[in-house]
Ligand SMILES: Cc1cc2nc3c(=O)[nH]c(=O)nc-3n(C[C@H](O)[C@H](O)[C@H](O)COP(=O)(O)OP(=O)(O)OC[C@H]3O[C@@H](n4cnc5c(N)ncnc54)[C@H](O)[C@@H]3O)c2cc1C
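Just one chain follows, in the form predicted on its own, and it is written as structure tokens.
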Amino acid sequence: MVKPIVVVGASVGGSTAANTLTQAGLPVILLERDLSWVKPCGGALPPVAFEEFDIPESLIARKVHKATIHSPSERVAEIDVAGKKRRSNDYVAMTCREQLDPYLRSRAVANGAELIEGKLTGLSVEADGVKVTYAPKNSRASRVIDAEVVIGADGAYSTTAKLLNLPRLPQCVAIQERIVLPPDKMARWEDTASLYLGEDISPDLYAWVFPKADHVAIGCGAGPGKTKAMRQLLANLKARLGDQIAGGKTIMEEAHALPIHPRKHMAFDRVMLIGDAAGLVAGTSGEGIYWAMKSGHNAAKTLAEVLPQTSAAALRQYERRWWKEYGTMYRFLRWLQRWGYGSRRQMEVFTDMCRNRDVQQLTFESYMHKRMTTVPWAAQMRMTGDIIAAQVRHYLPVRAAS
């Protein structure tokens, strides 16, 4: 008889993994440190997520059909959210985690997962299972679960990874405020998500304004070593927005960390890591919700296939399949992040690149359907020409002056 699979973390990734396991007829325990905690998050999801993971569209706070990119000098690229072919689901879905997470968690429980609120304190991987030690919430007592396998879905500061003696991944930090705007101000954002570039608001990533049902999320991200500067960066962003958010009322302040590149391995003897715990946040965009859910589903599916085998060699089928399908996308987005956000001038080039129609269509074709899109030769030539022209435009005068 198979012992319970313990999934540590009952957010989007962990709940998806638990649900997939229950559907495979496996016993599951979801261990969540704090059920009242809401993860700070921009909340963007591609439409494919609602189809793929059978999520009701009632959880969509806004359907965004337009995007804007604002360069450091406030030059703007305006973009329609659409791929190479127009579809009825050409939009970015904006969600609120305080609604999405409980839905996914409750579904897993309804399908048979046991939910325990408690803090993971120990892991002991043995020949016949894993001893999982935890402390129930508001209790100092320790309890032990005799588990078959553990799936770590416990975020950027993963306790699961720490107990495996894995190094902490380099992290970026994001901070945001949720602001209720007067109706005349909210109208500006109802159908538009905006990204802002500039060293004074985000030295190596980007800042954003994302619309929700009755408010906007305004925030910024920055790379390692910039935690102390985050409040000032956010203040700079709000000053830059100026009259566009005048009269708004802040209803929540939140911050969180995101890993900036994947772990070397995501599976070990009797232990698997998914989502942020595995470092599966996409470069350039910082997107994590879809990848947490997808990795949770894939890890659980692989585990159901290979049981009773639980060795690292067996479980690493999960990571081999993952990188075969998504490796090119992750490598490209990581390169694009370094290339596009590397300096003020390069941010200007990045904005010009985003004005190219081929870039816009290929970007959203890949984003909305989660596959690298083949680039036609003619489109590749047009994009290359525009990028070279932008590089010359923003760099040549400086070189000539020196």
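A residue's number is simply how far along the shown sequence it sits, counting from 1. Predicted model only: the values in this text are computed from it and were never measured.
The same protein also exists as the form predicted together with the ligand; that form is not shown, yet it is the one meant from here on.
In the predicted complex, at least one heavy atom of residue 31 sits within 4.5 Å of a heavy atom of the ligand. Put simply, residue 281 is close to the ligand in the predicted complex: some heavy atom of it is within 4.5 Å. Although the partner is absent here, residue 159 is a contact residue: one of its heavy atoms lies within 4.5 angstroms of the ligand in the predicted complex.
Although the partner is absent from this view, residue 39 contacts the ligand in the predicted complex, with a non-hydrogen atom inside 4.5 angstroms. Comparing 136-144, 314-322, 206-214, 83-91 against the ligand in the predicted complex, the single stretch with non-hydrogen atoms within 4.5 angstroms of it is 206-214. Of the residues given (79, 233, 258, 193), 258 alone sits with a heavy atom within 4.5 Å of the ligand in the predicted complex. Note on the partner interface in the predicted complex: the residue among 266, 113, 303, 289 having a heavy atom within 4.5 angstroms of the ligand is 289. Site residues 8, 44 and 120 are all in contact with the ligand in the predicted complex, judged by any heavy atom within 4.5 Å.
Taking the ligand as it sits in the predicted complex, the stretch 302-340 never comes within 4.5 angstroms of it through any non-hydrogen atom.
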